[in-house]
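Form predicted on its own, single chain, as structure tokens, below.
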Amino acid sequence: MSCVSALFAALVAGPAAAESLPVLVPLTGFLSLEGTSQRNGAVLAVKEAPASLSVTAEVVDTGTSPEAAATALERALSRGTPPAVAASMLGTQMLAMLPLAQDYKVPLVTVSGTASITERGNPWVFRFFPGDAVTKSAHARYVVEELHKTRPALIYQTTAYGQSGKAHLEPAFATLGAPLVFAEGVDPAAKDLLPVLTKALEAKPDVLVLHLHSAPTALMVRTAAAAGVSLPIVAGSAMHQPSTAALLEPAELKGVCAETAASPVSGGTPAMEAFTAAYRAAFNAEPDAFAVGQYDGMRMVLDAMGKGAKTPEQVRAALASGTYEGLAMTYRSDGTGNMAHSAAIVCYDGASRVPAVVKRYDGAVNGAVK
């Protein structure tokens, strides 16, 4: 198991023993870019905890294996049950952590998009990023209703994340009268994506739809640009990340769009811009929607603690029944732990690595956005 512990001081003055909010996220492996954003959002939220609270955030790298995530959670809980845990955004790791959360009765706060983590009747999971039922509805609707494309070719990851996306994209496109003309999964470790791109093009699509992790997304966009592919590309949320865009030249991004929950670098409210400035100052990096989602989730936990929630059950009850005005959106549970119900589409103009928000879909009803 790759397990590296570091202690991020986020202490607020006060003689009482500090409450621990463990941050158990993937910082190495194929999800390191996304996991680092998640960690940074959690750490920044704890750093900005209300003055009435004394809180620490111990960060543990879970790598990408389910076993490592479960072990990290069990170790953290063996030292005493914290009010809540910031838990991995990797779906397979969340699925491994869920039984432990239920046994120890501790809330897990995550930005995982994998749909099934909130479909198992576990009352201890809270997702502060729109799940695939929400984002894939927006993804498909943008392709069909805004781009007027009807022959989508899907290239997805073979991980639980990728398979979850395919499971929602395929029926969403079919419902919109634009069934997939091609679909194939690729391993996150694949270094040459030209073969699968070639196969996709042989199906004569009018749009490429990607549901890949960060590095594979950048590799596929670069491969398509190098091959002279002029089709629009509408990618998953990994593409909205500044760290993904930094792997590409602006010209390679022309015609590329992505679904996401928010895009802090694209501007917005004064509160979002203040968050972006604080994030840049703390981490010398650009924030993304994963950072904002985890920040909002931990801020809701801290808000509950500041209002008197002392135990994990009290925090769970506050998350399950409360409404919180976050930076990306207003959060409330749908009864299964899905807290985020809005999605956005961002697009790059080919001249900059900063995308523009071109479409918002708010207020999901039964998963599908309005």
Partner chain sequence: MLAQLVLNGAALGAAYALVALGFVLVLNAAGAVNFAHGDLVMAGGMLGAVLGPMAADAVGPVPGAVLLPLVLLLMAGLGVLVAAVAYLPLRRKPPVAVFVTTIAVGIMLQNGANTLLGGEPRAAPPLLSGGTVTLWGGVTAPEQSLAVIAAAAVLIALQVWVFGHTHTGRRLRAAAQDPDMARACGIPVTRMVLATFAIGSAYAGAAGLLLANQYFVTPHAGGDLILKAYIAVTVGGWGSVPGAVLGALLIAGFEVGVSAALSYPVAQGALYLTLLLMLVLRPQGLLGEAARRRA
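Small disclaimer: the values here were computed from a predicted structure and weren't measured. Positions refer to the first chain, counted from 1.
Quick note: we don't show the form predicted together with the partner chain, though the next part is all about it.
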property: Heavy atom within 4.5 Å of the partner chain in the predicted complex - residue from 121, 270, 195, 80; result: 195
property: Sole residue of 247, 278, 231, 176 within 4.5 Å of the partner chain in the predicted complex, by heavy atom; result: 247
property: Heavy atom of residue 215 within 4.5 Å of the partner chain in the predicted complex; result: yes
property: Contact test in the predicted complex: residue 32 vs the partner chain, heavy atoms, 4.5 Å; result: yes
property: Interface membership of residue 125, the partner chain in the predicted complex, 4.5 Å heavy atom rule; result: no
property: 4.5 Å heavy atom contact, residue 180 and the partner chain in the predicted complex; result: no
property: Region of this chain that lies against the partner chain in the predicted complex, out of 215 to 223, 71 to 79, 289 to 297, 130 to 138 [heavy atom, 4.5 Å]; result: 215 to 223
property: Partner contacts in the predicted complex for 184 to 199 (non-hydrogen atom within 4.5 angstroms of the partner chain); result: 184, 185, 187, 189, 190, 191, 192, 194, 195, 198, 199
